[in-house]
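Below sits a lone chain in structure tokens, taken as the form predicted on its own.
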């Protein structure tokens, strides 16, 4: 019951935060250089054509009227109409958000599991060969650009070895997959389409691996540092001195105390990954949310930019809410 009250309070606090994001995004996109109407009509368009296009998208209205129309549409789930494509933003976003969430959720989940296992394993072997190897890998993951790593994995996994499909989409078109959520692997599971399931899983391997290597590095370093702190603590030394079994020390003391810091960092990494998958999506022709948002920014597509920033902000606040709840469950000292 206490957790439910905490979640309720935090959800109420989201309202002013998201309202501030809406206001700032609406104003900032309109001070960016460039004219979205001219970008889609081209340099040869007449003033009459431009005026008609502005009237169609409501850009001829006063700024306060545009904002009120946009704010009113948000309450009904209407994010506006894309200036570039002329399609409803909500429909385009529904098609693009699923593939990116599928990619990020799988990558972060794998990275968290690996970080817990490798971080604790490395801390228990501090200053040995295995520990040095893990630390070098973390340094490598922090330093290497994701787009370069993606290109290397394509050259090795597809061009040289032929183990994985070409980076030309998310699923083979001949599998006749029925789209439901936009996440192809999830759709294949829901519809029981075996060939589509195998194809979607094969297409996921390289982009997920690219994200995992980049996401794993900060998580791994954090888990290792926390585990070392626990191993050197007086409580752990006292428990070991009392002759507790190795399994009890690992599960009851080391693992639980180490995981206390992980939820907040994992939430930060998850939110960052949603906004930064654009390079991975471009390398693998993934056609996801990041690619769609960047194209909207390049073309000064106001509704697309506003919607993408709002969704990223919403993902941030929701994932940090989940992280705070998990933190409170792991650490009884935290009062919520």
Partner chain sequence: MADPQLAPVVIGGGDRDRRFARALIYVGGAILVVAALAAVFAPLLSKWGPTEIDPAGTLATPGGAHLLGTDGNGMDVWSRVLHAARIDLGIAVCAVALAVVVGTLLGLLAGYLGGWVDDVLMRIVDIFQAFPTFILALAVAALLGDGFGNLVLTIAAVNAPAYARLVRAEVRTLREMAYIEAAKTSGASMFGILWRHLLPNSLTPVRVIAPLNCGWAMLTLAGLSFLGLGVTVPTAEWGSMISLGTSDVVAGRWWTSVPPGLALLVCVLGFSLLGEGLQERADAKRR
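Numbering follows the first chain given and starts at 1. Source: prediction; values computed, not measured.
Not pictured, yet referred to below: the form predicted together with the partner chain.
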> Which listed residue (88, 182, 167, 73) meets the criterion of a heavy atom within 4.5 Å of the partner chain in the predicted bound form?
Replying inline: 167
> Honest question, do 11, 173 and 286 all end up within 4.5 Å of the partner chain in the predicted bound form by heavy atom distance?
Replying inline: no
> Just one of 201 to 209, 88 to 96, 174 to 182, 145 to 153 has heavy atoms within 4.5 Å of the partner chain in the predicted bound form; which?
Replying inline: 145 to 153
>> in the predicted bound form, does residue 256 come within 4.5 Å of the partner chain, counting heavy atoms only?
In response: no
>> At 4.5 Å between heavy atoms, is residue 322 in contact with the partner chain in the predicted bound form?
In response: no
> in the predicted bound form, does residue 261 have a heavy atom within 4.5 Å of the partner chain?
Replying inline: no
>> I'd like to know whether residue 31 contacts the partner chain in the predicted bound form, with contact meaning heavy atoms within 4.5 angstroms.
In response: yes
>> Pick out the residues of 296 to 310 whose heavy atoms come within 4.5 Å of the partner chain in the predicted bound form.
In response: 297, 298, 300, 309
